[in-house]
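What follows is a single chain, given as structure tokens, in the form predicted alone.
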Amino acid sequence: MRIVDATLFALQIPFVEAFAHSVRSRSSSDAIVVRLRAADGTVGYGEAVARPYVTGETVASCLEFMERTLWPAVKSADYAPWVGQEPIAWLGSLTLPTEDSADADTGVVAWNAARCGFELALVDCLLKSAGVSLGELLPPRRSVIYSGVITASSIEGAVKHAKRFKQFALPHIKVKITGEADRERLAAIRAAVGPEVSLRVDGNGAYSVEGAIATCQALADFQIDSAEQMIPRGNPQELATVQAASTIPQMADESLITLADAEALIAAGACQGFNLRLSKCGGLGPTLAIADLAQSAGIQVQVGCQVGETAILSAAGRHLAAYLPEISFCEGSYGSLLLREDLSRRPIHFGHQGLAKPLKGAGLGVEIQDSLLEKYAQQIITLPSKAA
């Protein structure tokens, strides 16, 4: 099947409340939505969330790569519909150029957000055309239980959020830490939620190796289930040093972008967990490949998200989380709990106790409102279907 039209929407949807961590504070989303139309008229939607401190992509560079590299490849391809094929092989057949090697001029580690946006749009479009749900390719093994996330706010603000999450009966909470009053912050949160709630921390690379070790030692009293990306992306052996000195399991996030990263982290014994994020890892195909490698190596996996994801990435993340054989934690599907308006016609955010059922509709299983794409678009790029 041929893809004949593409439109890119660079969005800015206000948040209900600002979200902060050690690298950035945000008050609105900055997602890029990819809308593709097939020759039979079927329309599919994908989403990319560019983060310069993760993959090196910015909104501007992501849009440029989509237009310059991905769209020419997509419009020239003839895609095979999924009709009872092996799902992982079919997803892998949606070949997209990624230019994974580091780009010294732009600082890009991999064009994974851009690739994810187009891959999800292709999956949504091709499966809708066949009347098939992604859940048929990736059959759900379970309902999904989502975590709450406490931003890098004041201790008073953190306790307020912790109590709200406890009222919502969320069993898992992740806490953003920055190196300022970490022990006092975790002590107050643990006191607010009690001993039964799972707590984990995320440093977003704010610590040195020595600082990460000291912080993990200081927080060990509070029953921390994992410490995510305490040090910056770099030599996996440095993360292995932190892991060896800490009783808290280390989880790689920004250090885990490509399959090669996963192989290097495993070889170094750098961590006990991988945080899989679709936009960071390049879409469903590459993310599933990393998950398979992790399972073979005995590495736990968490399905994470990018702050400000809309219903498109939320839906894809839920399919992934429901399908994987085992996950330690899951994040995302905040929808209108974070966004002033989400893009889907029906809300898909999680409910009480963080519980969310698998999605069943054709494609990704969400109905996107074009009117909201136009309402929140800061930039709309219509890509030519034919060479000039």
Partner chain sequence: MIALSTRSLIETQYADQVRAFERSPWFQRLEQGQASPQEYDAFIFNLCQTHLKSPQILSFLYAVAPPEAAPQIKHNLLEELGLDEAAICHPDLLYVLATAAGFDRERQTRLAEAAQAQIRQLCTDPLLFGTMQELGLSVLLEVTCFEWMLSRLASRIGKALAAHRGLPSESLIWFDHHSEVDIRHAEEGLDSVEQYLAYYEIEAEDLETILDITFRENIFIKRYFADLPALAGATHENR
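Positions refer to the first chain, counted from 1. Because the structure is a prediction, the values reported are computed rather than measured.
The same protein also exists as the form predicted together with the partner chain; that form is not shown, yet it is the one meant from here on.
A.B. asks: Look at the stretches 61-69, 47-55, 346-354, 359-367 and give the one with heavy atoms within 4.5 Å of the partner chain in the predicted bound form.
C.D. replies: Heavy atoms within 4.5 Å of the partner chain in the predicted bound form occur in 346-354.
A.B. asks: Should Q167 be classed as touching the partner chain in the predicted bound form when contacts are defined as heavy atoms within 4.5 Å?
C.D. replies: Although the partner chain is absent here, Q167 would touch it in the predicted bound form, with heavy atoms inside 4.5 Å.
A.B. asks: Is A38 one of the residues lying within 4.5 Å of the partner chain in the predicted bound form, judged by heavy atom distances?
C.D. replies: Answer no; every heavy atom of A38 is more than 4.5 Å from the partner chain in the predicted bound form.
A.B. asks: Wondering, does E374 line up within 4.5 Å of the partner chain in the predicted bound form on heavy atoms?
C.D. replies: No, E374 stays farther than 4.5 Å from the partner chain in the predicted bound form.
A.B. asks: With the cut-off set at 4.5 Å between non-hydrogen atoms, does R183 touch the partner chain in the predicted bound form?
C.D. replies: Contact with the partner chain, no.
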